[in-house]
Ligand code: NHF
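Listed next as C-alpha cells is one chain, alone, in the form predicted alone.
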C-alpha cells in the first residue's frame, strides 16, 4: 500500500504545532508496518532546506487565476526522516521563512495543492491513498472528484484528518476564479455558510474523515466552529484515532537535548539533575516543585489565564512552588507574563519564543505540566510529559480526556479539572502540591507514567486499517 501524505507542516522540516509532529512521525511508523509512506509539503525557506541536499523530480507551471507560476518538486536525497520527503517550491508564494500568517495564505496553499495534483497527474502509477491534513490541503478531495484536469486521479482514495476544526481556511466567492476548472454544478460542495470552506469541502468529498482522538470526534459532533451539522451528516465516514508520539525522539534515556539522560531505574536522580540545571538557567529554586507550560500563548490553550494562575497560586502557596513558561503567540499575553516577573520574583520565569531543545529540557526537569486548554484535539504535550516522568495537570477536553486519568481514580496518574478557569486550575495546583509532598506516591506515579505506551505503532496500524477499509 502506498500513502501520500499532503501537509503544510512536517517536523523537523517546518513545524508550528502538533500537525508537524504528527506528519513527521506517522509516515515513519507506517513504513515500519510495511506500507510505503511519502510526504509532500511546501518548500519554505527554512534552515532544514539549507542544510540538506535535494534533487529535482518534477518541473511544471500552473495558473492561479490570471497569474502564472513555475514550480519545482524537490526530493530530499538522504532519506533522513525515514520516508520519502518531497517539497513543492513555488517562487514568490511558498519561499517564505514562516509557514502561516501571510496576507496571501489562501493563494499560497491553493497553489501548493494545484501543484501537488499537477505533479500526481504525471506519475506513471497512482498512490493507493492521498492522506490530507487540515484545511491547507482540503481542496484536494474536491478537485480529485470534480476537477476536469484530474479526472484520471478521481479513483484514488482520500482521507482528511482534522487536527483542529477551529481553523477552516474560509475565503470569499470572489476568489472562485483561482480554483482550477471544475463542474460548476458541484459548487455547493465548496460552500459552507456563504463562503468557500476548504475544510467543509474536504469533509464532504473525502472518502473518510478522522480526528486525532476519539473524544475530540465526539466533541465536534456537538461543537465544531459551525461545522457540527455537516459532521453529523457525514457521521458514517467519521472516526477518531488517537495520536502517538515518536518514542525514539522523545526518550529521556537517549535524548541529546537534555543535560542528564535517565531511565526508569534512575528517574529520581535524572530528573533532579535536569531540574537543577533548568532552575540555574532561569534563576529558580530547585528545591521547590516546578510547574511548566509549553506551547502557543493563545486562547485555545488557555494561555490568557496563566498570569492570574501564577499570581493566585503564589499568593495561596507563598514560597512553595515555581513556574516556568515557554511559548509565544498573543502579544498581550506575552506582555502580561513578562510583567508578572516583577511580582513573582524568584518563583517565576518566562521564555518568549520557540525553542525545541528548551522544551525537551523542561519536560525532563519539571515536576508538573500545566494544560488549561479550552480546545485540545489530541494534545501531544501531555504525552511527552508522561514519557519524561512529568505529571500533567489537564482540563477534561479532547484528547486530554482520552490520555490522562486522575490520580484519585483507580489506576490514575495525572490531575484533571473540569473548567478552563483560574479557580479550577489553582485547585488542581493545590492537589499537585499535596501529591508532591507524598514522596512515595509521587515517585511511584512517575515510574508508572514513564512506562505508558503512547508510541505511534498502534496508531499507525489503525490508520492502515482505515485505508484498507476503503478498498
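Note that this is a predicted model, so its numbers are computed, not measured. Residue numbers count along the first chain shown, from 1.
The same protein has a further form, the form predicted together with 1,5-anhydro-D-fructose, not shown here; the description that follows concerns it.
In the predicted bound form, 1,5-anhydro-D-fructose lies within 4.5 Å of some heavy atom of residue 18. In the predicted bound form, 1,5-anhydro-D-fructose lies within 4.5 Å of some heavy atom of residue 243. 1,5-anhydro-D-fructose in the predicted bound form comes within 4.5 Å of a heavy atom belonging to residue 380. None of the heavy atoms of residue 313 is located within 4.5 Å of 1,5-anhydro-D-fructose in the predicted bound form. Using a 4.5 Å cut-off to 1,5-anhydro-D-fructose in the predicted bound form, not one of 275, 390 and 429 places a heavy atom inside that distance. When 1,5-anhydro-D-fructose is considered in the predicted bound form, only one residue from 212, 394, 366, 199 comes within 4.5 Å through any heavy atom, namely 212.
Comment: 1,5-anhydro-D-fructose is not present in this chain, but in the predicted bound form one of 87, 158, 164, 333 has a heavy atom within 4.5 Å of it, namely 164. Stretch 370-378 is the contacting one of 124-132, 171-179, 137-145, 370-378, since its residues have non-hydrogen atoms within 4.5 Å of 1,5-anhydro-D-fructose in the predicted bound form. In the predicted bound form, 301 is the single residue of 281-310 with at least one heavy atom within 4.5 Å of 1,5-anhydro-D-fructose.
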